[in-house]
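Here's a solo chain for you in structure tokens, the form predicted on its own.
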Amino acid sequence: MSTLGSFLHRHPRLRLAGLLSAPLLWLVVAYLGALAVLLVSAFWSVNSFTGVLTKQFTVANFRTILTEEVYRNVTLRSLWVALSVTIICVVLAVPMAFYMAKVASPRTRKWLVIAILTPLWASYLVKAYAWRILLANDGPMDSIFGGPGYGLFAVVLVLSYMWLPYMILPIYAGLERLPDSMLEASADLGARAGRTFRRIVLPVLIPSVFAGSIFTFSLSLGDYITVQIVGGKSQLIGNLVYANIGAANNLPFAAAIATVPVVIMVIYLVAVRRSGALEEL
């Protein structure tokens, strides 16, 4: 054993390879392998008469998605929901994170972090069904505000609540690294609050916002459970995938639909990479 330890000590690259081999193998097999199977199966089809899976290459599934208006509308609707949730989370998270990082005392800051993390410990379904009760006809929201009931507005509202911590924490982490001395120096030099925000806070804030948006945008884009619970008759991409896996039993078409959010997220990640957002994760 000591001989092996000495050998690895003299060869740090082998030691590093040994440490990374297990997680890299898991990444390749479980994640990249699953994506590869998803992409391959999207080019298969199901015999409409027998229901048997046909493993022959065809682009019919993607042709249907691109040519039929219903799928374009669902994709645009899903994008609208994901963007709306992200914007709402940014608007709510920025002042909260700034207060936590630069205004609150260290003791208060710890309690605020705990308060933000606490909802993440609760079950997803428990939170979603709690909102279903709140938004139901004759429920608390209906009694106080006269609605809004179920639908896309309810989906955006619930998803904003669900993913808000994922936006607050990256912004808080970014602002916490901003030295207070820079803000004080800006004030001493006569800069107004607006200029201080633009020249000092904003360059730190933008990568953090993009980092949080990766979570809020991707999680909202692929969500289907909240839509099932409070969405009413609305359908998003996730619902179409679920429907084709279950009732329709058309796995190739479900795989083809599932590639749509994957492609969108790849494009989004490439677009925000230069902002430094990936370094904030």
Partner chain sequence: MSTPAIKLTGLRKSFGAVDAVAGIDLAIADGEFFSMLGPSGSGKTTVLRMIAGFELPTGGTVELGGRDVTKLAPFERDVNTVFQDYALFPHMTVLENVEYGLKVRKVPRKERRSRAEEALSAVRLEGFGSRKPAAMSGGQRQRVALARALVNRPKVLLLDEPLGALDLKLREQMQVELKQIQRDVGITFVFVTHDQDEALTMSDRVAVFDAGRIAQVGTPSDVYESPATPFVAGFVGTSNLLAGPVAEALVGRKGTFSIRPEKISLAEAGNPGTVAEVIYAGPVTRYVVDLDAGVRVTVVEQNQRTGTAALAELRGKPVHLSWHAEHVIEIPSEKENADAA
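Since the structure is predicted, the reported quantities are computational estimates derived from the model, not experimental observations. Positions refer to the first chain, counted from 1.
Below, we turn to the form predicted together with its partner chain, even though it does not appear here.
With the partner omitted here, the residue from M182, A136, I87, L76 that has a non-hydrogen atom within 4.5 angstroms of its partner chain in the predicted bound form is M182.
The closest non-hydrogen atom of R199 lies within 4.5 Å of its partner chain in the predicted bound form. The closest heavy atom approach of A187 to its partner chain in the predicted bound form falls within 4.5 Å. Contact annotation: A191 falls within 4.5 Å of its partner chain in the predicted bound form, judged by heavy atom distances. Of the heavy atoms in R195, some are within 4.5 Å of its partner chain in the predicted bound form.
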